[in-house]
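Here you get one chain, nothing else, as structure tokens; it is the form predicted on its own.
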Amino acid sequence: MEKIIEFKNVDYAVEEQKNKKHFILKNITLEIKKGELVCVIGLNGCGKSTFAKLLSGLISPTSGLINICGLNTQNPDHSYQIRKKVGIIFQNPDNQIIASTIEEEIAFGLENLCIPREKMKARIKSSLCAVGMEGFEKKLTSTLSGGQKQRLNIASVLAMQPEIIVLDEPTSMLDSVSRKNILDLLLKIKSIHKTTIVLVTHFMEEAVLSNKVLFIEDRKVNFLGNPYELFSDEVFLKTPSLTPMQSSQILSFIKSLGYKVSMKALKTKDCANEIIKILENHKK
């Protein structure tokens, strides 16, 4: 697959005192391929949100190089093109909504891209259809639920047709049903549009559905790879800065009792099937 995101020896620091820097991220080197869903995990304050802002071009690294679709984020001449290629969605949906109606909210971003009115109407309609809000054009944004507001933010980004969508803990303020709906929507967008999605999350159940997990610890990349490798690794599961999935904890406990169990049965259904197998064998 084509490389779409590249970090080379990236540091990000802020000045605490005169001539003294506090590093938030250090020596980040990685690649993300086109069409991948990558979940970024780690403790609060580890640098996840900073990573999302660097990736979106909202801030520039202190040192190192970030290329987005071959464009250098530190080059001012590339800023407009990067904004077109990367859409970002934040934790609190209210922080991104500025218009009074849904139609006006989606149109705002399209106007900034100088999209003609006729094309704008078509994009608004198709993006709302994609998030299951078709026919909501005239609805007031103030009347929407938290889940609907986040869907609207996703629709606004989709209408701009970015190649990359970055989401910074978009489901943390939602209930479990809305959280599942948003995640299902992201998986659908990835499948249909082949969009590259970078999802910052603290829900391990979301991370296990990704192509890759990026685990940030102590300001550095501790792991980047298949989520099943990470969440089935008992050494990693004992890392204080990694919250194990409930299924991982259950499987680890069963294994400690002497039963043979697959530590990669991380999804709820797969974990339940492992338990059923053990119970059936125990009856024999």
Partner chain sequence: MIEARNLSYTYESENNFKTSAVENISFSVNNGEILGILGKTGSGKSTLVQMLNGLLKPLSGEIILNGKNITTDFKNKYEVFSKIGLVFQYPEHQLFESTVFDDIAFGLKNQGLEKPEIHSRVIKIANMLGLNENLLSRSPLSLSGGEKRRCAIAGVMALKPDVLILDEPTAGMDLIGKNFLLKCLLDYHSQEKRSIILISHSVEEIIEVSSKILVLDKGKSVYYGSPGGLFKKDIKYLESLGLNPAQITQVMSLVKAEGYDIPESVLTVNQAQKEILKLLEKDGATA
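Worth saying up front: this structure is predicted, and the values here are computed from it rather than measured. Residue numbers count along the first chain shown, from 1.
There is also a form predicted in complex with the partner chain; it is not shown, and the following applies to it.
Option from 62 to 70, 31 to 39, 218 to 226, 241 to 249 whose residues, in the predicted bound form, bring a heavy atom within 4.5 Å of the partner chain | Within 4.5 Å of the partner lies stretch 241 to 249.
4.5 Å heavy atom contact, Gly87 to the partner chain in the predicted bound form = Gly87 lies outside the contact set for the partner chain.
Verify the contact flag for Glu206: yes if a non-hydrogen atom of it lies within 4.5 Å of a non-hydrogen atom of the partner chain in the predicted bound form, no if not.
-> Output for Glu206 is no: heavy atoms all beyond 4.5 Å of the partner chain.
Using 4.5 Å between non-hydrogen atoms, is Met120 touching the partner chain in the predicted bound form?
-> Judged by the heavy-atom cut-off of 4.5 Å, Met120 is well away from the partner chain in the predicted bound form.
Is there a heavy atom of Tyr259 lying 4.5 Å or less from a heavy atom of the partner chain in the predicted bound form?
-> Close contact exists here: in the predicted bound form, Tyr259 approaches the partner chain to within 4.5 Å, heavy atoms only.
Could you tell me if all three of Glu103, Cys129 and Asp184 have a heavy atom no more than 4.5 Å from the partner chain in the predicted bound form?
-> No, because Glu103, Cys129 and Asp184 lack any heavy atom that approaches the partner chain to within 4.5 Å in the predicted bound form.
Contacting member of Asp175, Glu111, Asp77, Glu134, with respect to the partner chain in the predicted bound form [4.5 Å, heavy atom] | When the partner chain is considered in the predicted bound form, the option within 4.5 Å is Asp175.
Quick one: name the residues from 22 to 56 with any non-hydrogen atom within 4.5 angstroms of the partner chain in the predicted bound form.
-> Heavy-atom contacts to the partner chain in the predicted bound form: Leu43, Asn44, Gly45.
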